[in-house]
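A single chain, nothing else alongside it, follows as structure tokens in the form predicted on its own.
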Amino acid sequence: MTAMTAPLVDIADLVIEYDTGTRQVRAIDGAALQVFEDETLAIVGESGSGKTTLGMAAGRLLPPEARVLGGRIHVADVDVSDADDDALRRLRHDKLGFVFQNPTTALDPTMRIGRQVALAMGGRPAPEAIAELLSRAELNEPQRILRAFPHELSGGMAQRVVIAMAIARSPQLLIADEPTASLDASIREKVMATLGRLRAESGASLVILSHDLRMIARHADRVAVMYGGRIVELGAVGQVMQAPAHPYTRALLAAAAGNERPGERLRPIPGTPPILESRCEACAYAPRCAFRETRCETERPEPRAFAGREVVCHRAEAVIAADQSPRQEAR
């Protein structure tokens, strides 16, 4: 990762709600995040935390029922919220690449792979150029693959095709939404290694939206932990994973498969994530938190620098002071 100068992505005070038809649901409740050039940043959290909404908002790819109510989103010097259709089209075409969770839905089932990759590359690339791009994505027999239809590929092969398409125009920013969730465990690491290598070769920044903490620990430079539509902890991945300062980060680590000792059971987080209908004026995590005190239930915590990272918690000092092993519950 290069020295942090001007951010490639700058999100501040973002508020996004969904109209369900019967009520408004606030998915993003004042989130702020910066992504810098040539880094890999992971956004983690449970389903419903807001991570996918935040990631898709960077390319204004939200569904019609979503409404941006406030804040700003700047990507590569483009104000995404206010950009007209032409500016947005150029941003997506020249600066952004997306890797979605399920490659079978990301690819057109009626079109051969070669044609889809050619469209992603733009113009009329020679078959040799298409095959070379597939080879860069570590696909063997690229000439055979470019003649194939998506249903003729394995999940891992299809996801590598999606990755190849995402990097085809050398974007500045790649956004990968659960890029290995639909794949067999045996090939997840290989696909992530391919994605990481291609990112490094191109100098692009990569934002990974995931709940897989073990994968994040191996592949990210920084990690942003989301809860209740806010970034509640943000810092270097090793620092946050080894000594979390937010109770939710600590609970996620305790509940993650692979962190348990032999014979030890995982510790699920009690309760469920909140469904917000408006701005949360307290700590959204307070009902589930072992560290909570009275003000957590009445006073909204604001971001602050603490222990080498940014944290949104009244009780961060107590979390750090407690046994820092993610396997132990707060006392």
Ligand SMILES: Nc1ncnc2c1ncn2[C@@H]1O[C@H](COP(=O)(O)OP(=O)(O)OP(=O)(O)O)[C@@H](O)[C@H]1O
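For every residue, the number given is its place in the sequence shown, counted from 1. Predicted model only: the values in this text are computed from it and were never measured.
Just so you know, the form predicted in complex with the named molecule exists too; it's not on screen, but the next bit is about it.
- Residue contact with the named molecule in the model of the complex: Gly70 places no heavy atom within 4.5 Å of it.
- Using a 4.5 angstroms threshold between heavy atoms, Pro287 stays clear of the named molecule in the model of the complex.
- Although the partner is absent here, Pro63 is a contact residue: one of its heavy atoms lies within 4.5 angstroms of the named molecule in the model of the complex.
- Contact between Glu138 and the named molecule in the model of the complex is not found at the 4.5 Å heavy atom cutoff.
- Residues of just one listed stretch (47-55, 30-38, 277-285, 290-298) have heavy atoms within 4.5 Å of the named molecule in the model of the complex: 47-55.
- Of the listed positions (Ala12, Ala318, Val25, Val15), a single one reaches within 4.5 angstroms of the named molecule by any non-hydrogen atom in the model of the complex, namely Val25.
- Of the residues in 170-196, only Glu178 comes within 4.5 Å of the named molecule in the model of the complex through at least one heavy atom.
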